[in-house]
Ligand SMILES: Nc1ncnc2c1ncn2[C@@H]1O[C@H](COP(=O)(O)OP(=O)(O)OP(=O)(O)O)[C@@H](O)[C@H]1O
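Only one chain is given next, in C-alpha cells, and it is the form predicted on its own.
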Amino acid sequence: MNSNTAVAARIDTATQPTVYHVKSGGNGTVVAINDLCLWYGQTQALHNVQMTVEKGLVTALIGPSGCGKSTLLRCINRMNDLVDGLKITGEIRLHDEDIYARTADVIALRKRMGMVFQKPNPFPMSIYENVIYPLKVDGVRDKALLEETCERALKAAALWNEVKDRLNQSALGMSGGQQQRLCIARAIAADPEVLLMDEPCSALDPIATAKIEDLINDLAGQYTVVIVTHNMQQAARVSDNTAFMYLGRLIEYGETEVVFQIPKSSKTQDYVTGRFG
C-alpha cells in the first residue's frame, strides 16, 4: 500500500461507523470499552474504540500488523501505563469499575486479569513454583491449598498428566508448547475474571498450537478470554466473537461465523478474503 493509498484508506475508514453484531453469552458484560483513544506522543494509535467483552465467551482481535489490536489488549490491564508519552481518553470498565479512574488500584486490577504473552516466559524455578507463584506473592502459605491449586491449574491447562511426576524439576526443561501451557496454568491459578492472550501461539509449532487451541476451547465458559491473533483461521476456530481492527479503528465487531463468512463491512470482507493484510 503506497502512501497515497494509505491516506485514502485512513480517511475512508474514519468516516465509517463500526459495524456491531455481537453474540451474547447470556451472562452479561465483563469489560466495556467506551470511546477509547490512545496516543504514543503525537501519534494516535487507537481511535474512538467502542466495544464490550461478554462473560464466558472467547473474543478474538484480528487485523494487519500495527492496527492496534495488541495495544487495545494491553489497555485492558493497563500494561501500557509505563510507556513514555502515553495519553488515553475515554474509559474501560471492568464490571462497573472505571479501571483508569485515579482511585483505581492497578495491582488489584492485574490480579483479576491473567496475561499470556507471545513467547512462553516461565520463571527459572520448578514447575510447581511457577504455578503457585501468584498465590505466594499474595502471601498464601497454606501448603495444602498451594498443592490443590497447582493440581487444579495444571489440569485446567491440560498439563497435569504430563508433569505430575516432575513438579520439582525446572520449568525451563519443558518444551515450548508445554511452557506456554504452564504460563496459562500460572495465569489461571489465581482464578482471574478475564484471561488475556497476546498471540499465544506465534512462537509454537503446529502441534503445540493445536494443543493451545484445544485448551482455549476447554477454558471457554469457565473464563472470559480475549485473544489477539494474526492467524485468521485460529480466530475462526477458537472464538465466539471477532473484532476486526484497521489503522487503530474498530471496523467490525460481531459473531465470528458472520465476520468470516458474511461480513457486514466491505473493509472486513477485503481483509478476510486476503485482498490486503
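A residue's number is simply how far along the shown sequence it sits, counting from 1. What you see is a predicted model, and the numbers here were worked out from it, not measured in a lab.
Same protein, other form: the form predicted together with the named molecule, not shown, and the subject of what follows.
This chain lacks the partner; the member of A101, L145, V83, V106 within 4.5 angstroms of the named molecule in the model of the complex by a non-hydrogen atom is V83. Of the listed positions (L219, V30, A45, M51), a single one reaches within 4.5 angstroms of the named molecule by any non-hydrogen atom in the model of the complex, namely A45. Of the candidate stretches 205-213, 22-30, 58-66, 236-244, only 58-66 has residues whose heavy atoms lie within 4.5 Å of the named molecule in the model of the complex.
The closest non-hydrogen atom of Q178 lies beyond 4.5 Å of the named molecule in the model of the complex. The named molecule is not drawn, but in the model of the complex it has no heavy atom within 4.5 Å of S170. Interface residue remark: S70 is counted as part of the site for the named molecule in the model of the complex, having a heavy atom within 4.5 Å.
Although the partner is absent from this view, Q118 contacts the named molecule in the model of the complex, with a non-hydrogen atom inside 4.5 angstroms. Residue E199 is the only member of 183-199 with a non-hydrogen atom no more than 4.5 angstroms from the named molecule in the model of the complex.
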